[in-house]
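Next up is one chain by itself, shown in structure tokens, the form predicted on its own.
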Amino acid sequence: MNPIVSLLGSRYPILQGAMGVICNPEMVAAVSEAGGFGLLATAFASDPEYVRAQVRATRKLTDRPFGANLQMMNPLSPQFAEVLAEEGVRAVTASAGSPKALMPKLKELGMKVLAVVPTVDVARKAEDLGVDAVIAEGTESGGIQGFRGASTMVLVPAVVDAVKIPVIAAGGIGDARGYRAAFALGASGVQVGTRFIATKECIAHEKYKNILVETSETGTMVLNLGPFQARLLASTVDRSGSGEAAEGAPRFGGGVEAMEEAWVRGKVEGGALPAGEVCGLIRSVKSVREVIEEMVS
């Protein structure tokens, strides 16, 4: 059996990326129901009870396994981990920093931990910490990124050669071709983010989804946000070359309310909309099941 399928209890080795407030229970449940592994997001959460409510809302929609993402830069992640364990969630992805400080608690809670890594060096360190798998995320991916990394085509086989634990490929994967390519590179599974935004079950506003469909492969840009950077739709970024946010644009990561304004309520003008380069391959808004079944067919 595929090691990722065995580890997560899913039917297909497809993880849905955790994308902030647009990672709603309906979409997470739909991914798991279709045979993948849905992931709730906690990046912008500021209350452990909000996380508990999201888990319970998802549980009402599916009895299939699903997990959650914990961002290491959120100081509440240890509390979120406790809530997730109390609610029966048994697998998490760890991103936006090293999981070193949180690993003892996660293992004590009986969690399976999949760490997002941008380089071979970070992958080796994650393996040494005792993570169960790594997600090698190339620079094509949307949303938060570090300042050092490599493209998926180079990163994935390099990480596969460097570690003994399973490797999941992420970044630039949105259809059957990318799915098959990931396995050719040596990965045991894939994580898909941007493609799932443009699905019927995703809570993202129709304007956001339509922009993804209309955007070309060159329609994203990496924005320096100080402690980290993010790949966003270029129409939301000042393209003068300054690398700063467009005038009047809300600060990326400004809390749940700020994210909801642009991502969910449709105030996309000047908003910071995360997206990977794979948006250039998205031609229509489909159901989650259609995306997954076409990917594995």
Ligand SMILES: Cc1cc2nc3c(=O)[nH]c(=O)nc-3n(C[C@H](O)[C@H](O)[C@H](O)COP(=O)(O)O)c2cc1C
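Counting begins at 1, following the sequence as shown. Since the structure is predicted, the reported quantities are computational estimates derived from the model, not experimental observations.
Only in words, not in the display: the form predicted together with the named molecule, which the text now covers.
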Just one stretch in 118-126, 105-113, 219-227, 164-172 has heavy atoms within 4.5 Å of the named molecule in the model of the complex, so which one is it? 164-172
Give a yes/no on whether V285 approaches the named molecule to within 4.5 Å in the model of the complex, heavy atoms considered. no
Counting only non-hydrogen atoms and a 4.5 angstroms cut-off, does Y179 reach the named molecule in the model of the complex? no
Closest heavy atom of S95 to the named molecule in the model of the complex, within 4.5 Å or not? yes
Examine G17 and determine whether its closest non-hydrogen atom to the named molecule in the model of the complex is within 4.5 angstroms. yes
If you look in the model of the complex, which residues in 179-214 sit within 4.5 Å of the named molecule (heavy atoms)? Q191, V192, G193, T194, I197, Y208
